[in-house]
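As a starting point, one isolated chain is supplied in structure tokens, in the form predicted alone.
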């Protein structure tokens, strides 16, 4: 699969280079030199933990965990944490930072997991790479399948097609900010370009309604956050599904 190959290549390229910080998220940051301050990391992880209502007794899985950066930050909030990714290289990187209790190689949409296996599930910065609506819909149903009754699934960082111009403006402003602060490094998109899906919100929510899936649509974490700005933005959104 082309996408799997791309992530394996990305995992090999980033191995050991961004340990202890957003080594994987660097590709969304556009440039290698950008380092997230701890405040920004804490805001993102806190928002995810709050929306999932993570508790010490929960079993938790990060679906599409990549190198385990978010998983490692959320692991202290739960009783048992599992990471799943389709990239073997990404999982090797996750092992190196001891981000989880267990790792599984598998593909969202064909998860090698039993029904109702976890109290809480996260899928963040993942569906953005799935360009086909049918694949997205299959992925949502499969992820919800492995959540226990009464559990929660948070799907995040979904770009709103109707707000793409707002994203472009925010990104340009953030690049200028990083350039002025001297944090701008080499452009990594020339090393490995990933696809980015823009979501037709009425179509996606219509699918959820037709499938009788209860959901809440919420503003997503601001990946271009700077001190004094809102921690959430409207041009990307999260979906909280409760089973």
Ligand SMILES: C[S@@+](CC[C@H](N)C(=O)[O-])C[C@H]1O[C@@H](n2cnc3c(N)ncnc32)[C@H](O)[C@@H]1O
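Predicted model, so just to flag it, every value in this text is computed and none were measured. Residue numbers count along the first chain shown, from 1.
What comes next is about the form predicted in complex with the ligand, which does not appear here.
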{"property": "The ligand contact at residue 61 in the predicted bound form, heavy atom, 4.5 Å", "result": "no"}
{"property": "The ligand contact at residue 118 in the predicted bound form, heavy atom, 4.5 Å", "result": "no"}
{"property": "Proximity of residue 137 to the ligand in the predicted bound form, heavy atoms at 4.5 Å", "result": "no"}
{"property": "4.5 Å heavy atom contact, residue 52 and the ligand in the predicted bound form", "result": "no"}
{"property": "Contact test, all of 65, 106 and 126, partner the ligand in the predicted bound form, heavy atom 4.5 Å", "result": "yes"}
{"property": "Heavy atom within 4.5 Å of the ligand in the predicted bound form - the one residue of 78, 146, 90, 154 that qualifies", "result": "90"}
{"property": "Proximity to the ligand in the predicted bound form, single hit among 97, 113, 130, 170 (heavy atom within 4.5 Å)", "result": "130"}
{"property": "Residues within 4.5 Å of the ligand in the predicted bound form, restricted to 74-97 and counted by heavy atom", "result": "84, 85, 86, 87, 90"}
